[in-house]
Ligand code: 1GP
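The chain that follows stands alone, in the form predicted alone, written as structure tokens.
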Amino acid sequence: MRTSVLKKLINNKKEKIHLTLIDPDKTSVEDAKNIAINAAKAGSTALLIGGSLGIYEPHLSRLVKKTKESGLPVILFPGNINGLTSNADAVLFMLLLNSDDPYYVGGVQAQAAPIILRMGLEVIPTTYIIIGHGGAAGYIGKARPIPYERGDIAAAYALAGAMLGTKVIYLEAGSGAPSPIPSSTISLVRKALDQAEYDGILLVGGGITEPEVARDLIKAGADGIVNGTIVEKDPLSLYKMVRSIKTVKSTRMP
């Protein structure tokens, strides 16, 4: 029987979660396989596969199949229905909570649900919140990105996601963001989630290019970080990122 991917993530909260993001539009099958193998060696918890533009399902399916050779769980991070394949282990079933387009907060989920059921993918209910720069995900998803410094607004959205029952809160600055989400914002979000006794996972991604920044985000209250662009440019950075967050001692109960 296959072990639950969500359970694996939750079990890794105390030791901190690191997800390596691979964009199929920018990555060949062979390069994706090499990134996945490096991610496994570096100690990454799982792989995220997805992007906002140019996802071609046959290529996606081949790429996912190859990355599974690394032994890491493969989680789909779909920008739309074309980001689904039965070759993966699980899928982030996301609500883009601060989108102005109803399609991303109900429409696409209704279209995708029967397909995901037939594919037999494990579903990980996720609140997706675009912060600051937003990148392609923010533009395509018609989000109103929350200003970097407005941690109170981010906290309110995260709290709504927790109350909706999602198991992951994912704060995203966007792929290749010029700067990451500030630690002060993460602290406010963490405080709100703790007050609500939220037992899920708080992930942070976008613009995290330095190990010190990753460590600060974990210290501020994130349970894990997502690295994508930096991994594509500098594979060795993956090892530094993972080491930097694994050395942070948890002050919270898992």
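One rule holds for the numbers: they count along the sequence shown, beginning at 1. Source: prediction; values computed, not measured.
Keep in mind that the form predicted in complex with SN-glycerol-1-phosphate (1GP) is not shown, yet the notes after this line are about it.
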Task: Contact segment among 32-40, 63-71, 219-227, 182-190, judged by heavy atoms lying within 4.5 Å of SN-glycerol-1-phosphate (1GP) in the predicted complex - done: 219-227
Task: Proximity to SN-glycerol-1-phosphate (1GP) in the predicted complex, single hit among Pro78, Gly174, Gly141, Gly151 (heavy atom within 4.5 Å) - done: Gly174
TODO: Could you confirm whether Ile17 comes within 4.5 Å of SN-glycerol-1-phosphate (1GP) in the predicted complex, counting heavy atoms only?
DONE: no
TODO: Report whether the minimum heavy atom distance between Ile245 and SN-glycerol-1-phosphate (1GP) in the predicted complex is within 4.5 Å.
DONE: no
- [ ] Indicate whether Leu9 is a 4.5 Å heavy atom neighbour of SN-glycerol-1-phosphate (1GP) in the predicted complex.
- [x] no
